[in-house]
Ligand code: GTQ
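As a starting point, one isolated chain is supplied in structure tokens, in the form predicted on its own.
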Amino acid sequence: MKPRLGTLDELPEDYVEELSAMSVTPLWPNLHALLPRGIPERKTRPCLWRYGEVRPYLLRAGELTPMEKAERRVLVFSNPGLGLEKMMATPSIYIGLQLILPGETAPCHRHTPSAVRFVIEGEGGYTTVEGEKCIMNKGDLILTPAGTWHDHGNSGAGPVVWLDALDLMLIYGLEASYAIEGPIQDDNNMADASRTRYRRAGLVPYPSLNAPRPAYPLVRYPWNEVRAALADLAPAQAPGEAVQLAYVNPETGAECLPTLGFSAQMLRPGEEARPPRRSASSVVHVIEGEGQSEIDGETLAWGESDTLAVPTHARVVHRNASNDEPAYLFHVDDAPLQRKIGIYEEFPDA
């Protein structure tokens, strides 16, 4: 039988007051709250943000707040279990919808959090990362790693919207989050240069064999190429095996950012995917298709451009509602961080 831990109320009042005066607190009354048995204490809720519901408010933000007053015009997905003021989709993942209107330029800066942009809609948008101009088409993934200069612009005729995913609140919680402003970058006349250098898996520019490896050699991953790769992979995967590809550093094969991981998944027509229960939290964004996700017994029906939050240790089932067309999901998770600190786990009981 597990012994009952002593409570704060059982301690003499003067003892507790004198400890408090020294900024000291006893552990044992809170031990099981900090180290619960079997599964972590979780405040994060399964949550669905419907793009069709949020989009009009994002467009209205474009009318209400000019870029010079916004710097970054973003509506943040805040998990209700964590508190709206926390601006967290999960404890380690910040997610927002960013809008840039025709002719606008978002100021250049660099910051300590790592970020990615996943394009949802619009044409003519671009992000410049360390002088490399990356065009933004639907489904493209663009990296802006920690410390890299970046700005955004829209040379098209309509609004451009993308999903921001950052480790912002994690870095903020470490009291290490800050930004530095800089002038808008001149592009280096090599648009999509990194994609040109790393065009095919297994091939690198020959001079790079004798050169220092860049930390982030590839900063744009075009969706049309990822989608085609998923289609090629699907016939090789048996029923029940995930058709899923990870975005990685082409020089090392490691995750492309140190704290957050990214992957794209095809759900074949009528397919039901049951990933293992994992210690990582995640956010799932619907690129194409319709379906449902069951997260810890709660069923959330989704459509194109919707976004879901998945708590740590959740039991998850994803279902494609169509028997004729595939559905495509983009995943953000904190597995890279958990692997680095030695706590990542998968469980066979999902």
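Nothing here was measured: the structure is a model prediction, and the numbers come from that model. In case it trips you up, residue 1 is the first one in the sequence shown, and so on.
Same protein, other form: the form predicted together with this ligand, not shown, and the subject of what follows.
Each of Arg72, Arg117 and His152 is positioned with at least one heavy atom within 4.5 Å of this ligand in the predicted complex.
Per the 4.5 Å heavy atom criterion, this ligand in the predicted complex is contacted by stretch 164-172, the sole one of 164-172, 272-280, 206-214, 77-85. At the 4.5 Å threshold, heavy atoms of His111 reach this ligand in the predicted complex. Within this chain, Gln98 lines the site of this ligand in the predicted complex, having a heavy atom no more than 4.5 Å away.
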